[in-house]
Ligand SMILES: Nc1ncnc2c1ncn2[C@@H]1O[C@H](COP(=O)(O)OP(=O)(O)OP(=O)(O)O)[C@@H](O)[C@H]1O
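In the block that follows, a single chain appears as structure tokens, in the form predicted on its own.
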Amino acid sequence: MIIGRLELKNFRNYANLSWRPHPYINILSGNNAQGKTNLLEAIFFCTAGRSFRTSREREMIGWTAESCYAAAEIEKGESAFEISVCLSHGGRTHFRLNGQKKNRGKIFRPGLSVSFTPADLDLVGGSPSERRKWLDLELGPFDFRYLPSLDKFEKVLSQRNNLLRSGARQGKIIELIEPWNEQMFLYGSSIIMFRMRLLKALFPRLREVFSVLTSGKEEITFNYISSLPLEKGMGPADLRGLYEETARKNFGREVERQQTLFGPHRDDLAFFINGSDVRRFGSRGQQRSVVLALKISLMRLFFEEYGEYPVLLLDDVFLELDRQRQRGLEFILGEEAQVFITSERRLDGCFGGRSRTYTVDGGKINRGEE
């Protein structure tokens, strides 16, 4: 799967762009604040249905414009299709597939690209909410049931928390909250089960990629940290029963604290290198390597599921990687995937003849060198 053509109008600092990128590795070099990351954001928005920089989509509209437009022609095998998006300050965001309006959730499940940006380091070193965000937006959609279950769970969770904060007498709360409990146990246990299955499928790929990145000198493992006392070998019925038992047993604590204390919204992931917690003891280079390995593992999982590689977007990826890890990354990127890499410095000598370097300057792209 490759981006055959990208068109932008008033997107960030790109007033008008029509670009046909290289089918393999595209290196975008140039000074800061010239539009390198903006270009990756546009590609990601057309292939994942969201921005990796902001939840306020109107920020992508150029300063002096009322609306912006982005479109990507995507080549998949012998066929091609176009995804376009139009945003305006006064209206809704509209996605189109081959000119027909579509709900973004139906186009991007999962997304057609995988991105790495410096902000993704929070996936390892940041709060648990960052790791849940990765589970929900990047890994979870590989099971088509995940996002519908998550949407229903979040609605139930909101209603349940509103009741816990209502100040009603405990007897009255028990009566009002019971219908929401049943739905919470159903959807919450499903989400946890989906996560564990997908993590199990991802782990062999993660271990292999991380070994290549570190020349076999470091081993990665992870733990899914649940708010429920999970046990190995639990099936869906067992997990739902455990969820119900735990929540009912601790309902008094929830009333006292006025919030739902158990469920997938409270869970976390911990990563370990050679047995040491990366969040607490890992160097910045090690944390970057873990995030890179996760992203590339998703790319490989996508290939095994759909027979095509997603587009890979790497923003300042070589920063804080020692030469050993850079060589490992160069080896991994030799696969049949289209890659976009931003770098303030030129990356001459990398990737052999499978790359083209472009210079980005003030929202314009100068034709690259092979």
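From a predicted model like this one, the values you see are computed outputs, not experimental measurements. The first residue of the shown sequence is 1; numbering continues from there.
Separately, the form predicted together with the named molecule exists; it is not shown, and the next lines address it.
Peer 1: Honest question, do Arg132, Pro141 and Glu304 all end up within 4.5 Å of the named molecule in the model of the complex by heavy atom distance?
Peer 2: Not one of the three qualifies.
Peer 1: Contact with the named molecule in the model of the complex for Thr54, defined as at least one heavy atom pair within 4.5 Å: yes or no?
Peer 2: Outside the cut-off, so no.
Peer 1: Any of the heavy atoms of Glu59 lying within 4.5 Å of the named molecule in the model of the complex?
Peer 2: Because a heavy atom of Glu59 falls inside 4.5 Å of the named molecule in the model of the complex, the answer is yes.
Peer 1: I'd like to check something about Asn13: if you look in the model of the complex, is any of its heavy atoms closer than or equal to 4.5 Å to a heavy atom of the named molecule?
Peer 2: Yes - in the model of the complex, heavy atoms of Asn13 and the named molecule come within 4.5 Å of each other.
Peer 1: Within 4.5 Å, heavy atoms only: does Glu308 come near the named molecule in the model of the complex?
Peer 2: Flag for Glu308 set to no.
Peer 1: Even though the chain is shown alone, can you say which residues of 18 to 48 have a heavy atom within 4.5 Å of the named molecule in the model of the complex?
Peer 2: Heavy-atom contacts to the named molecule in the model of the complex: Asn31, Asn32, Ala33, Gln34, Gly35, Lys36, Thr37, Asn38.
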